[in-house]
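One chain comes next, on its own, written out as structure tokens in the form predicted on its own.
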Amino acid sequence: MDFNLNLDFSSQKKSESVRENSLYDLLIIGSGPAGLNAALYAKRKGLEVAILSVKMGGQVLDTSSVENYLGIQGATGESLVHDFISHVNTLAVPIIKDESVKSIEKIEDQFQLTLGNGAVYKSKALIVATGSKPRQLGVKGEAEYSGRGVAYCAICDGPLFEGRDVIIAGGGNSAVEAAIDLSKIAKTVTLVHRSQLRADQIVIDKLNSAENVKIHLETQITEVVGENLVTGVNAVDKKTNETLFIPAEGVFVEIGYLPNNELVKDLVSLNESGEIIVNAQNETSLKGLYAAGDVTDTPYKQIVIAASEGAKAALSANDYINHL
């Protein structure tokens, strides 16, 4: 199903259009589930709010099927984003699109955001909901077959590979847990990792008990191969230097995510993974700056969790603004 995600602001009142150099109550960077839900809650609280976004919908657009969002059955990522944006659009939230934020400054009690085109926007509070990006293997064929057998979320896309042969690339907890989950629905699961497993022993033991799981350790994937769709991977057994072909219809890359923290890495406290550290109110170490979604240290990177964290951030920002 094809949706036009370009919001039409032609019916909005002039006072609701985007205003450069005006002081907003709240600006939100990012338009994934966290950013969009933050905008919804902020607007309903009566705040003057605007969203700054380059890619409407964030990573959800890259999800083939969403099966685990309460009340939504069998939606595509694209259709879910369409519904999110349509809901926000009913409240006439201005969205500054297609221009990335280049810098953030806090001057006294105000935030100043400068865009790539030189435009400047100001606000009393700021929510960063810039999400994350999956780590990639960086091998030949990976980009070519992304969305055609190569995936980065076993929870999201696993059901599409029911009864098929799949490969999990990775050796940490997320990779092993993905292999366990997929072993329940896939024909076979082959876990490939360049060194030894780094997962907790309890999940390794559970993985070893699955009859349809094969494990290749100290094995480096060198290429994803296929025709129109993925047919497998080429790899090198580092113990023997032997080259092998592992057939599969799906390749799940589970080697972690990189938070999109570039804008605020020098403004707020980060954990060792580069995620923004937030408290229960989604406050960062910089007063007035809130963060939500996959860019934060909140565990479990799921659509429903990001949306709820966006709501919390907006409610906390509203309390902060009311006390200025």
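Residue numbers here begin at 1 and follow the sequence given. This structure is a prediction, so every number in the text was calculated from the model and none was measured.
If you look for the form predicted in complex with a small molecule, you will not find it shown, but the lines that follow are about it.
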Do Asn282 and the small molecule come within 4.5 Å of each other in the predicted complex, heavy atoms counted?
no
Would Val230 count as a contact of the small molecule in the predicted complex, using a 4.5 angstroms cut-off between non-hydrogen atoms?
no
Thr219 near the small molecule in the predicted complex, any heavy atom under 4.5 Å?
no
Indicate whether the small molecule has at least one heavy atom within 4.5 Å of a heavy atom of Ala314 in the predicted complex.
no
Given the small molecule in the predicted complex, answer whether the residues Val176, Gln201 and Pro259 all have a heavy atom inside 4.5 Å of it.
no
Only one of Leu270, Val278, Leu47, Leu52 has a non-hydrogen atom within 4.5 angstroms of the small molecule in the predicted complex; which is it?
Leu52
Can you pick out, from Gly141, Gly250, Gly131, Gly170, the residue that has a heavy atom within 4.5 Å of the small molecule in the predicted complex?
Gly131
Select, from the options 100-108, 185-193, 230-238, 203-211, the stretch whose residues sit within 4.5 angstroms of the small molecule in the predicted complex by heavy atom distance.
100-108
